[in-house]
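So this first bit is one chain, no partners, the form predicted on its own, shown in structure tokens.
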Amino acid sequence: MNFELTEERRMLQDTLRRYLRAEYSTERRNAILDSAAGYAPEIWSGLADLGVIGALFDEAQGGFGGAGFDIAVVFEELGRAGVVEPLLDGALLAGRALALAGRQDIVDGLIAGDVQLAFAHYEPGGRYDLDYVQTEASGGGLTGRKAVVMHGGAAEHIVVSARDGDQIGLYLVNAGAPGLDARDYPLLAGGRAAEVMLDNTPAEPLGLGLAEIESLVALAMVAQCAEALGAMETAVALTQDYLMTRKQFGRPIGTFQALAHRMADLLIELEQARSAVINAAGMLGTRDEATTLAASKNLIGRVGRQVAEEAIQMHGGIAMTQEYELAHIAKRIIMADHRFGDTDYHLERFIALSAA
């Protein structure tokens, strides 16, 4: 099989990489992390102008991509640069949900960079189970609580899951709606999230159910795996540079056999992770999608922890300082494992799916 990117995807990759290299320095990111919004509106607008948001949607939805490999290309570059802007939850999850529901007016504003969205599905006590929804829809309003809603405090619209009797559906809630309370806080890996409380909050049903939620989360898992891969690439590259710069006994420490072997192991694991992302992106929409995604997410989590720990150990104390790039990247890698199911969850899921 040919795993080379198409010309259009290579152009997207090169354009996005050059933009982030020029605009997204460690100092710039640290300033964004300290901001109240948790993202930079000018960076968000720049990504929209480059067509990055449009690459997450197909032509019928107003974009020019939308396939698994389009998503993987975008999020690998975002992970490589440690971008904290809300593309995964705001653009991919909430945006694709609204596109499926036919709310093209909002989707067009999102692609243009004029709208901020959030996706609220997971709840306290639900772990990673997609069918755990206690928020209730009744009489045109929603009542319940959603946990760790990424950029929920800055969104203009929130796509919320709720249960109406035995059916789980998605609903559109406007920021500032009566009964909506979003308590905002910073995240360890960058960006901000909110605990969203709903008390008979007016909501518009989108006509989407659990099957569509599962499909959206499958897209998000590919994006999360690709983002973690990009972050791992940066961690390994920073470690290689450091080993060849730091000197001990008159020569670079990277020439010592023990450290050279550890770096070789990381490079091998990195290629395993890349293969897992390619496999996950290629299997979207197939009969093997669920099994492949479980295996890929499990592998990415295991490799990510190894890369982060080894990179920090081979750097020493400098890796723990906020002013150094690796500090943020290592956090991103570790925390990526806890989104959409961690290694243990997906190992159990893979075993169950394989036995079915």
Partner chain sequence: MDLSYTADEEAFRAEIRAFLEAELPSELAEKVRLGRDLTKADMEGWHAMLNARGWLAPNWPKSFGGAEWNAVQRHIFDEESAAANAPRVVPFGLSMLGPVLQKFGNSAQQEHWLPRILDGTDWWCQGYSEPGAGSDLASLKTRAVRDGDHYIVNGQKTWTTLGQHANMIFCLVRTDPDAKQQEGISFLLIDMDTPGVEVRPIILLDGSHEVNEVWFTDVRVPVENLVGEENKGWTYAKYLLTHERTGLGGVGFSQAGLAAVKRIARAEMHNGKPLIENPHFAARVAQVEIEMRAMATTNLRAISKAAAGEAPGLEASMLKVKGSVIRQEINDLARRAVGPYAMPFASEALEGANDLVPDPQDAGPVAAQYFNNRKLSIFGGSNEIQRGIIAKVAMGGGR
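Numbering follows the first chain given and starts at 1. Note that the structure is a prediction, hence the values are computed from the model and not measured.
Beyond what is shown, the protein has a form predicted together with the partner chain; the following relates to that form.
Taking the partner from elsewhere, every residue among 183, 246 and 312 has a non-hydrogen atom within 4.5 angstroms of the partner chain in the predicted bound form. In the predicted bound form, the partner chain lies farther than 4.5 Å from every heavy atom of residue 356. For the chain shown alone, residue 330 is a contact residue for the partner chain in the predicted bound form, at least one non-hydrogen atom being within 4.5 angstroms. Although the partner is absent here, residue 176 sits far enough away that none of its heavy atoms falls within 4.5 Å of the partner chain in the predicted bound form.
Proximity of residue 195 to the partner chain in the predicted bound form falls within the 4.5 Å heavy atom cutoff. Interface residue among 207, 124, 165, 102, judged by heavy atoms within 4.5 Å of the partner chain in the predicted bound form: 124. Contact annotation: of the candidates 290, 50, 318, 37, the single residue with a non-hydrogen atom within 4.5 angstroms of the partner chain in the predicted bound form is 318. Looking at 211-219, 80-88, 143-151, 274-282, the stretch with residues near the partner chain in the predicted bound form, meaning non-hydrogen atoms within 4.5 angstroms, turns out to be 143-151.
Annotation for 326-356: interface residues with the partner chain in the predicted bound form are 327, 330, 331, 334, 335, 337, 338, 339, 342, 343, 344, 345, 347, 348, 351 [heavy atom within 4.5 Å].
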